[in-house]
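Just the one chain here, laid out as structure tokens, in the form predicted alone.
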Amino acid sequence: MGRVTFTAPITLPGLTLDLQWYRRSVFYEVMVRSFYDSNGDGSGDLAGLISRLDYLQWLGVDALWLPPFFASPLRDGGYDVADYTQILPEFGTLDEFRELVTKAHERNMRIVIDLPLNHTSDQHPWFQASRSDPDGPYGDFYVWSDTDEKWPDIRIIFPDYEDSNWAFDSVRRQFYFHRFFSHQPDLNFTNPRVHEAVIDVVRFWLDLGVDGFRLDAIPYLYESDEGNGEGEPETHEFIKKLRAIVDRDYPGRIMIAEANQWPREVAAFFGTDEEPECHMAFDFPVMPRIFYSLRSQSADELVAVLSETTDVPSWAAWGVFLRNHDELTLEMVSEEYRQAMYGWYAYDPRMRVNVGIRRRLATLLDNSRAELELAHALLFALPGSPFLYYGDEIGMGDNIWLPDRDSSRTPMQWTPDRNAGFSSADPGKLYLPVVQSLVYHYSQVNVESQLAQSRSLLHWIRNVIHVRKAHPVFGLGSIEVLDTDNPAVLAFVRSYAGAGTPVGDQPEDVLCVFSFAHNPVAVTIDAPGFAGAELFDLFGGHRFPSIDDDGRLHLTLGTQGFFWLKAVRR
């Protein structure tokens, strides 16, 4: 429980020198436990992940995001941390983690790890010391109260599981505060020693070579009588303090904010040029509106959210995604909108959890190849850096009969062999069963079979990734949403002035058009700034009709079709 002793920082061989590398990167979320089991114990591990780095490099991944692999009781998938500087033995060792970092860097891939700073497990030594010795050095490490009636305006995040943000501790005979599960007490960030302990943890992993952190539940660090416990001013002050340390001592490493809030509130976690906070933040409001558009056949909601201006620093980047290890959250939508989403995507109550939907991408979209392609084409064209979820590149399914969020955390499907090639263990020993449903059975949906099919979803997604990476405009460019005469069509232009990286880049404009209609449509797009521009398909290079001299473009799109068109001005 003492302060961490640091090792010397390791070098980063093989990585390109670009302090803003994250703005052009394709991220891939890989749960260590779910990816590959190297020793046959039924659970994925670090050695297994190392053995699959070549696959991820081939796919075109620039950075891996690893959810928690720390010592933990695993009551919340590892987000209940029992020791921030130890790895859960079934996942591997610190030496194996060092090897993972080295091997990833050799392939020009970076490693970003999850860091749940808001809370720990109730099994953490800090909490055990706090409850047993209130006057000791850890007595004030958590938020304690004699009553459970404090801060009644702070909302409950997991209403399916908790009816209060307070829990009674039978040892200390007081209530402790928890924003999430009752077995995850919140750290007390008003205590300077908590700051020191957290910064020690950050330095420990940065010294091991990690390239950044996803700051889990970052809005909830502080509470106040006046606020709602989300994005309090003191929370932002702590993030600024942490960013200053990272920039000064570890340039090129990044901080990613997980803040499930509205765009302007999330943008606050970037800070300013003078007082920077996080390098990246997840764009939660856009994600559910993609799914809404796919069923409503209307782009209006996406047009509205993409047109909303947020004043963010030039170095900041949004993290855009379709799915991840959590439920598809519906907190950022109205009740009417939420009920429509439930009706379309979660008609069985087992598909729902908290205020969201616990299903994978392919099952949400009924395994429709057209919708999977459209959703990914939009994801890769949006401002920011795309985050893929392991298995979505092959259209993996889920298992809604498993509890909580485990439905979409099943083993990666590598081959049609036993256990989907994930593990050599007895099938009953797996940490979760492999998917065996009719449509998504591992004998049909797996990496090996899709590698053998040139038209498979896996090859298609790899191609889109590589096309995107060849055009810096997608990572670095601005966005301008264009008017269309068809409500089912979304059109926008990504523009980049060039020369934004150490190697320099050419100016570029790309017109992106997406149809959410369930039948072919014709559309007229107003692009007054591109009158007379010539258009070329970004995938095949074929020439399209030019934009009229009056700035109008007439296109026909197939069912749920899309175009990425390079615009060459006269």
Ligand code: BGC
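Bear in mind the structure is a predicted one, so any value in this text is a computation, not a measurement. A residue's number is simply how far along the shown sequence it sits, counting from 1.
Missing here is the form predicted together with beta-D-glucopyranose; even so, the following discussion is about that form.
- Here the chain stands alone, but in the model of the complex its contact with beta-D-glucopyranose, taken as any heavy atom within 4.5 Å, falls in 324-332 among 483-491, 324-332, 97-105, 443-451.
- Proximity to beta-D-glucopyranose in the model of the complex, defined as a heavy atom within 4.5 Å, singles out one entry of F291, F213, F180, Y390, which is F180.
- The partner is absent here, but in the model of the complex a heavy atom of R405, alone among R172, H236, R405, R338, sits within 4.5 Å of beta-D-glucopyranose.
- The candidate spot formed by Y79, H119 and E258 lies fully in contact with beta-D-glucopyranose in the model of the complex, as each residue has a heavy atom within 4.5 Å of it.
- Under a 4.5 angstroms non-hydrogen atom cutoff, beta-D-glucopyranose in the model of the complex lacks T410 among its neighbouring residues.
- Not displayed here, beta-D-glucopyranose is kept clear of N165 by more than 4.5 Å at the level of heavy atoms in the model of the complex.
- In the model of the complex, beta-D-glucopyranose stays beyond 4.5 Å of every heavy atom belonging to W205.
- beta-D-glucopyranose is not shown here, and in the model of the complex it never comes within 4.5 Å of any heavy atom of T363.
- Contact residues in stretch 25-42 (any heavy atom within 4.5 Å of beta-D-glucopyranose, taken in the model of the complex) are absent; none meets the cut-off.
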